[in-house]
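First, one chain by itself: the form predicted on its own, in structure tokens.
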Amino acid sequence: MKGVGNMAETRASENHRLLVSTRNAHKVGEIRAILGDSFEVFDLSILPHRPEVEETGMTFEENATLKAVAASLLFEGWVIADDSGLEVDVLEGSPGVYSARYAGGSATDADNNALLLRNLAGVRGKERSARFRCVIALARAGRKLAAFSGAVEGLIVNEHKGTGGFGYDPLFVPDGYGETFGQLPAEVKNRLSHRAQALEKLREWRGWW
């Protein structure tokens, strides 16, 4: 986290205000925990009349950019948007950008997890390899400034394990560990996750100086 402490102390307070273009409380909670005191983090609840942005992009970066740029037109300061998901190799990268709506537009996490397990029925061992991928777009005043990415490799287990995290966390065991993201303590996940990697690059972005 080199330089971040000095940056936080010396930049004007507006530079510490960071809007996350989402209403996903779990995601915002993770971002706050990972960034710590370097930024004052808000979510879209401060812009209650902002219209929903249709995620029409074919990549995580395209969708993150759409969300960040749209929100940055309505907020005085820095805006980020995260688009992330699960890529399963044997499913040719699915659910990918459709991770949140894998089982349909109104799907719950449980619906998505159940469909994934059904689609992996009969697949064993290392053939269940997958990764979580995240891209964070940074925007201000209607313009994309940068994008930061992260990925963590692992395997999909054959049943839910753990009650922590959200999304596909109870099904994903990161490489080097024997427990799912749903079982691992939040501080461990927040050190090694795809989102943590992308946020670390955001914090070190030279544009803050």
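So that there is no doubt, residue numbering starts at 1 and follows the sequence shown. None of the values given here were measured: they were computed from a predicted structure.
The same protein also exists as the form predicted in complex with a small molecule; that form is not shown, yet it is the one meant from here on.
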| query | finding |
| --- | --- |
| The small molecule: the contacting residue among 55, 61, 153, 179 in the model of the complex [heavy atom, 4.5 Å] | 55 |
| Candidate from 161, 140, 27, 50 lying within 4.5 Å of the small molecule in the model of the complex - any heavy atom | 27 |
| 4.5 angstroms heavy atom contact with the small molecule in the model of the complex for residue 75 | no |
| Contact label in the model of the complex: residue 166 to the small molecule, heavy atom within 4.5 Å | yes |
| Residue contact check: residue 100 to the small molecule in the model of the complex, 4.5 Å heavy atom | yes |
